[in-house]
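What follows is one chain in structure tokens, specifically the form predicted on its own.
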Amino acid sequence: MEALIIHAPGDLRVEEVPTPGTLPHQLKVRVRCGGICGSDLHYYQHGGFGTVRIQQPMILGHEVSGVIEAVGSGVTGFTVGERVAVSPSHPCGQCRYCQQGLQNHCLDMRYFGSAMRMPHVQGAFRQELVVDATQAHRLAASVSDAVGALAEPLSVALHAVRRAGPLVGQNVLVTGCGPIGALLVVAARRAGATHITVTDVANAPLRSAEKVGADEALNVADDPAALARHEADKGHFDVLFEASGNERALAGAFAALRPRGVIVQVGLGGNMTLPINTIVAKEFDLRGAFRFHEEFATAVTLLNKGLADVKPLISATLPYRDAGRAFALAADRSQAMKVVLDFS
């Protein structure tokens, strides 16, 4: 089969690789669609992110959907021909964090397309993928393959919303309107947020966030004081989801966040310097949100029932053999939100 393999920054090749055999507890999935994630872009453009760097050739990708081609002898409940979204997360189930229900912090996590461990965990941008049966979740006939591939980033947003606590009746601010920021709008609305404001430094992602339900979209590059009207009486917003990974975006929102507001940091941007005095004086709760686990099943259920509309975020679908053009488009925030690769 063919796969998309990153060798070095800018060096992404379509190469032939063997398909592993299917063990009794596994499924073989014919991949149909895969979404290009921000981490895929970081590997492609910079060879990694933070301290994580590609040290050996690695198949990219972790947002995929497809159709079951083979069912392991020990698997029940799945049949050949069923369409599934595939969770890229495969925790060990044995370590103390898995045993505590914190599978996203597994000590022996295997996550598709990750250079965080050696040897690297090969990714899902390939024609055929062998997965544990627990990683497969059926897609309804009404859900397209491209939409099914977005179950993974929707899961990230759902986990972040869970970390925030109850959102019913809350005023929410989302800083950074990439795919995760826009999906935070979807997830926060499903959780009961009554007003959602989004900020970004570009107009195109702001328009995308509006398409999926944002009530107010502010370009803080054009108007650095855009949040000022929300700063009266010690702040307006109950919850801040910071999705840009930018220090200025995080600290710049503090004046608009009410005392005892909740900050959920979702974006990864390296080390930050924060005004601790403000965090103390306004008694903010600062929480991290990393990946997901059980939220993947919830994401697929929401998609299957039509309770989460992510289709407006899909900017283009391109053949995987045209990966160079697809990655260039995905990196252009003025033209694209989510670019999907077609493996069918």
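All residue numbers are counted from 1 along the displayed sequence. Predicted model only: the values in this text are computed from it and were never measured.
A second form of this protein, the form predicted together with a further copy of the same chain, is not displayed here; the remarks below concern that form.
Look at 279 to 287, 314 to 322, 57 to 65, 28 to 36: in the predicted bound form, residues with non-hydrogen atoms within 4.5 angstroms of a further copy of the same chain sit in 279 to 287.
Interface residue remark: Q100 is counted as part of the site for a further copy of the same chain in the predicted bound form, having a heavy atom within 4.5 Å.
Though the partner is left out of this view, V266 does reach within 4.5 Å of a further copy of the same chain in the predicted bound form, counting heavy atoms only.
Among heavy atoms of M272, some come within 4.5 Å of a further copy of the same chain in the predicted bound form. With a 4.5 Å cutoff on heavy atoms, L41 does not count as touching a further copy of the same chain in the predicted bound form; it lies far away. Using a 4.5 Å heavy atom cutoff, D215, L302 and K305 all lie near a further copy of the same chain in the predicted bound form. Only one of R138, K211, H195, R110 comes within 4.5 Å of a further copy of the same chain in the predicted bound form through a heavy atom, and that residue is H195. In the predicted bound form, a further copy of the same chain lies beyond 4.5 angstroms of every heavy atom of every residue of 309 to 333.
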